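Only one chain comes next, encoded as structure tokens, the form predicted on its own.
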């Protein structure tokens, strides 16, 4: 029988394409900690101490293999001068775009991390989690890519117009966004993050043509990866990944968050020993799963991609919806232990 590993040992073994004691299980919950503490979401997100307590509580309850030190993507939009809109039953979202016309790109200033209270919350959250994690539990955080964050900075339609019709202003915005992304990523690593997700939904061919991404967002991704002080995994936030797996591996990422719409056999073949697979449970569908369905889906997924390591079980979006009930998360946790112990059956 394989000796039980710590979450860090288990994760590092899987990412080295070795078979650990069992499949690692990353529960990427940003909101369920509020339920553990009995707090409304806006109050919960107001203090990093609350979020840290919530992360400790949910990891203990569901026996997951990481802490998730991520509050919301809207935190980055706020740093650029945007607003955050809070909901009672969902994640914070960005409000009105800070770039209202393309000419605003000329004057928008790169955020100074030390002057942004929202960013400071995340850094403090990592520091608090580090005290408990020590070297035994991975601390995962995330950044939004320079190429995808303009969807929040200026709105999707305006950004697509910029991308296709105003190449000079596009390059200026990318230069500023890339500089910020590198600084912010390194600040997260310096605070104690183990690895970062690089949210890049626009890399998916579901969003823009692959050839366009390869000449625009992909070089930026490679620049960020080579400039930061720790490992990064590309995450397409539910977008299909197979057509761009080789591109993202070439950019230097160590893992990839895959979609529930991906063919997992094709994902395993394309990733080979180049990228660790993270995913791909359907967070929207799991709101209504029975315990039996959760067990069947986890079992099937592990058999498809778990052999030989290189797989971390998680959701397909990088965030579990608030509406997913406790019984489903408990069922997934139990299914990982039941079906994910190496050597795998089947």
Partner chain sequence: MIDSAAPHSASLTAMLEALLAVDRVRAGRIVKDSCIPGSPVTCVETLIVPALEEIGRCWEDGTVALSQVYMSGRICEEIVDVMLPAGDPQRKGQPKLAIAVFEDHHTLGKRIVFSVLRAGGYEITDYGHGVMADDLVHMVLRDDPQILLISTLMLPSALRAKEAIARIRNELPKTKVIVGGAPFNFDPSLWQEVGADAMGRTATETLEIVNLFAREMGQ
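Bear in mind the structure is a predicted one, so any value in this text is a computation, not a measurement. Positions refer to the first chain, counted from 1.
One more form of this protein exists, namely the form predicted together with the partner chain; it is left out here, but the text below deals with it.
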query	finding
Candidate stretches 206-214, 193-201, 118-126, 224-232, one within 4.5 Å of the partner chain in the predicted complex by heavy atom	206-214
Non-hydrogen atom contact residue 42 with the partner chain in the predicted complex at 4.5 angstroms	no
Residue contact check: residue 156 to the partner chain in the predicted complex, 4.5 Å heavy atom	yes
Partner contact for residue 238 in the predicted complex: the partner chain, 4.5 angstroms, heavy atom	yes
is_contact(residue 288, the partner chain) in the predicted complex, heavy atom dist at most 4.5 Å	yes
Contact residue in the predicted complex, from 178, 75, 260, 148 (heavy atom within 4.5 Å of the partner chain)	260
In the predicted complex, the one of 254, 266, 113, 85 near the partner chain [non-hydrogen atom within 4.5 angstroms]	85
Interface residues of 311-326 toward the partner chain, as seen in the predicted complex [heavy atoms, 4.5 Å]	316, 321, 323
